[in-house]
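The data below hold one chain only, encoded as structure tokens and taken in the form predicted alone.
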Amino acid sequence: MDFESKVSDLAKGIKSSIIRELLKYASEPGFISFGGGVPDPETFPRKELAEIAREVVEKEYRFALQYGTTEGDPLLKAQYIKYLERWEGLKDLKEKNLLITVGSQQALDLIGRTFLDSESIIAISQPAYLGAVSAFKMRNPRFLTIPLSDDGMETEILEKKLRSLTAAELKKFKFVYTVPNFHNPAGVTLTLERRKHLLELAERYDFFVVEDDPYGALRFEGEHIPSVFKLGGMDRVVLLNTFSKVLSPGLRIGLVIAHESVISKLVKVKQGVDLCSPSLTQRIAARYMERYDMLERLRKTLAIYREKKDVMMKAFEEHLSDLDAHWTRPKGGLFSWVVLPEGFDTLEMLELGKEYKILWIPGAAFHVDGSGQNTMRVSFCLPSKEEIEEGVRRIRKVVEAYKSSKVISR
């Protein structure tokens, strides 16, 4: 059977995730990976989760081992509403305002399926989170790309691009997608002023904002900035959260917080995708939140990530500063964004990287137009401090070897 002849046009256009492919190398002996945004396993509360998991299976098996509702575990929703009220100061949220998904990636997929058609227009940052781009590309929309600065998405550029759209195009403009806190991949944070400007534009041009915030609780420097959802409310903002970075990615739990009219549409779409999210992991997470202070227990994790970030920044200064390279200095999250001089191609450099047993994510993967060849995303959360220092030394060696093999002017 020639299955290839039966494949859909959609499937033919899908490319394998470079992050998933590179993670295969990360497990090989001697490799140091700055690739995936993989939390440090030592931060997982494994003993507490093991105890809760046993109790849930033994005592709550009628719920935890059974099919659940598409909307999600009511107990987990109730606990998360308390968390959002304490963390973000969000009041008056109801269970009908939350949908529990299989990680944030499913939430992104559901939003794409629900709101995007082939003629739709959306705005994203440049660079942008690869998972969101992949999910939205399934619907074949038109992307407006908005550059990033140290203050986050340049909403001034967004305003200019919106102003240039025709009336017919504005009707097709659906939403702006943003990762406001410790951006993936760039590590920058959207300022309060730009958050307010984004909401002003949403009102003026009648679109909504998809606020993807997996890293907001991972701030280890500076003051907390109110979420776009907190500032704009659920009439203009759809908020995405996840347990993957604050508890455990293996639980595969994400959440959509939105107006009930949005949630009801997403629920109908989700029913055709997987019926429901796993009851077992939802109930384990709910009992964990009921029993422990998740934010308080993040303090040790934040201390670990702060130390690792500092080690990486110091290593960059020592090994990359004389190369005319520059990089972001995140105040939270898991990533820094490195920009090498023009002429370097970090995707091409990966073959050398494999020889030196060091991995990163080439920046072009985060650009919908294929630009950003001289950029890379590096993550400091998984490697040890010693591995971070050695990994940056290896990057320097790769840069020198690549430069020797090419004619690159500084």
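Quantities reported herein were computed from a predicted structural model and do not represent experimental measurements. So that there is no doubt, residue numbering starts at 1 and follows the sequence shown.
Omitted here: the form predicted together with a small molecule. The next part is about that form.
Legend entry - Candidate stretches 168 to 176, 284 to 292, 81 to 89, 239 to 247, one within 4.5 Å of the small molecule in the model of the complex by heavy atom: Of the stretches listed, the one contacting the partner is 239 to 247.
Inset, instruction - Only one of P141, G332, G103, G232 comes within 4.5 Å of the small molecule in the model of the complex by heavy atoms, so just point that one out. - result: None of the other options qualify; the answer is G103.
Inset, instruction - Tell me, out of N184, T155, T328, S277, which residue has a non-hydrogen atom within 4.5 angstroms of the small molecule in the model of the complex. - result: Going through each option in turn, the one that passes is N184.
Inset, instruction - Assess the spot marked by Y129, D212 and Y215: is the small molecule within 4.5 Å of a heavy atom from every one of these residues in the model of the complex? - result: Looking in the model of the complex, the three residues Y129, D212 and Y215 all sit within 4.5 Å of the small molecule (heavy atoms).
Legend entry - the small molecule contact in the model of the complex: L108, any heavy atom under 4.5 Å: Yes, L108 sits close enough to the small molecule in the model of the complex that at least one of its heavy atoms falls within 4.5 Å.
Legend entry - Contact flag, R252 vs the small molecule in the model of the complex, heavy atom cut 4.5 Å: Contact check for R252: yes, within 4.5 Å of the small molecule in the model of the complex.
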